[in-house]
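Below you will find one chain, with nothing else, as structure tokens; this is the form predicted alone, and questions on how it binds or moves follow later.
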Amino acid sequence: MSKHVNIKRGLDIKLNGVAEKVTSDSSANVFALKPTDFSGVSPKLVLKEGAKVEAGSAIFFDKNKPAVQFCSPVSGEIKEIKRGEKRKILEVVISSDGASSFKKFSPKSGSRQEVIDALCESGMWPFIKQRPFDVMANPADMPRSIFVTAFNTEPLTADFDYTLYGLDSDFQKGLDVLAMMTEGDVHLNIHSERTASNMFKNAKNVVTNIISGAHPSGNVGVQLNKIAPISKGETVWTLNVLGVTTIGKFFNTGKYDVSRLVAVAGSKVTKPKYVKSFAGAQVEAITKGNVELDNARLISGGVLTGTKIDTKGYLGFHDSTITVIEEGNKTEFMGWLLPGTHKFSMSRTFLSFLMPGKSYNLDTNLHGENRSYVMTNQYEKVFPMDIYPVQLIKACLAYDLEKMEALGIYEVAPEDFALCEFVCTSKTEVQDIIRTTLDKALIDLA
């Protein structure tokens, strides 16, 4: 049965530089497949430097789940394999030949196992994540249900209503495929105000839930917590509508097509807009001539949850936004003592609270230093899940598994704590704490 959920706690941060709904092409000819985009994956290379590839050619697989392949986004040649400490694979760099040659698949969907086999072989499986642990789903599991979020609420992120316009057939096919992989329901969650597309509103073979409220109402973990919380021993698969549509396109065409519209947004972008490109594209080509690089922070993903990169970096596998804001590498005279009409605050510290519709140019300045936790009740004001956030974080720092389980560690992901990190008086890197804890718990509880 569908539900209408009103998220009462949260925070919308209005930033300048929202991408206009116009699209241009990208000239990217260098791409990368990064194992670091997939938490919990131990890569094993299939090909070497110099190997010729098609879009969909397997580059590496997961040692823990050998059936799951990770594939090249374009056709061309493996230019370089970048490694870190202990020869850890960081990036597989691919030089495109511009030919758009696709490896041909013949996906079958007659049974659940045929669907899983096709997704694993084709490189589509990594789009599917799971709770607990917020890692790539295990094909051997039977999920209690599958949750799909159809909207973004993080500042400056891509608008799915625009980026997926006209892909109705692919989206519905993706939902039909997902429905074969669970004995429970596929939940499609749309926003009461932000979702306008009939492609989402009229979707079939799903339970459609309506979500209201501010960020982080678009987080699938928040939706899951409010609609059907996870109990110990249960598994729920999660993904967004970009992943669903890409999976559907694969079953309709037999091609590994990870093309997408990428929102290039932020206060340091000259003309915020959408650019057509592929997963793993080099950011330099997507932002060329459109970004003020002086004193800029480039982010693959959202401004709260994305990954810091440079112009030679690459768009993440799951990302459809490149955010560029000012680097906060300067001090400010008198700081919070000034009226602050140009500053954002969730409290009434600055006069800007008299202008609720104002948008801001925020930078990365912490405006303070790391310090011990101060009990201010700030987290609880922006954290809508039925979980005690500070107590859970402290249990994570102590790595007390019993307390973590009791406090809801199985339901959360780092992105669910992004606002806590944003408002934190103590400047604690909460998302890193959660990610590190989940990775360690996954190994210890395996």
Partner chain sequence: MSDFLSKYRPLFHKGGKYEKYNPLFESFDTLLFVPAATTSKGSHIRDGIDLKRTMITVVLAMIPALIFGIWNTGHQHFLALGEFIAVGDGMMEKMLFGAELVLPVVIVSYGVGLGVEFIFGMKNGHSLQEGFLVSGMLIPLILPISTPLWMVAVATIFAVVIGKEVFGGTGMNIVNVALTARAFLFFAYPTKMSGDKVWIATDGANTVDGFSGATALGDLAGTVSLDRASDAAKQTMQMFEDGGVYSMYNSIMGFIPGSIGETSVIAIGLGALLLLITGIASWRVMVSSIVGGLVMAVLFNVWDANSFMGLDPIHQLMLGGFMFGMVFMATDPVTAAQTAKGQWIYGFLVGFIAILVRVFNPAYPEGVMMAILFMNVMAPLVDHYVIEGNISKRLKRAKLASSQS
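Since the structure is predicted, the reported quantities are computational estimates derived from the model, not experimental observations. Positions refer to the first chain, counted from 1.
Not on display, but discussed next: the form predicted together with its partner chain.
The partner is absent here, but in the predicted complex a heavy atom of 406, alone among 51, 46, 397, 406, sits within 4.5 Å of its partner chain. Comment: its partner chain is not present in this chain, but in the predicted complex one of 307, 270, 95, 235 has a heavy atom within 4.5 Å of it, namely 307.
Not one of 117, 173 and 205 is positioned with any heavy atom within 4.5 Å of its partner chain in the predicted complex.
Residue contact with its partner chain in the predicted complex: residue 339 places a heavy atom within 4.5 Å of it.
Taking the partner from the other structure, its partner chain in the predicted complex has no heavy atom within 4.5 Å of any heavy atom of residue 65.
Its partner chain in the predicted complex is not approached by residue 142, whose heavy atoms all lie more than 4.5 angstroms from it. Residue contact check for residue 191: none of its heavy atoms lie within 4.5 Å of its partner chain in the predicted complex. Listed stretches are 57-65, 37-45, 23-31, 381-389; the contact stretch with its partner chain in the predicted complex is 381-389, by a heavy atom cutoff of 4.5 Å. Contacts of stretch 227-254 with its partner chain in the predicted complex, defined by any heavy atom lying within 4.5 Å, are made by 229, 230, 231, 232, 234, listed in sequence order.
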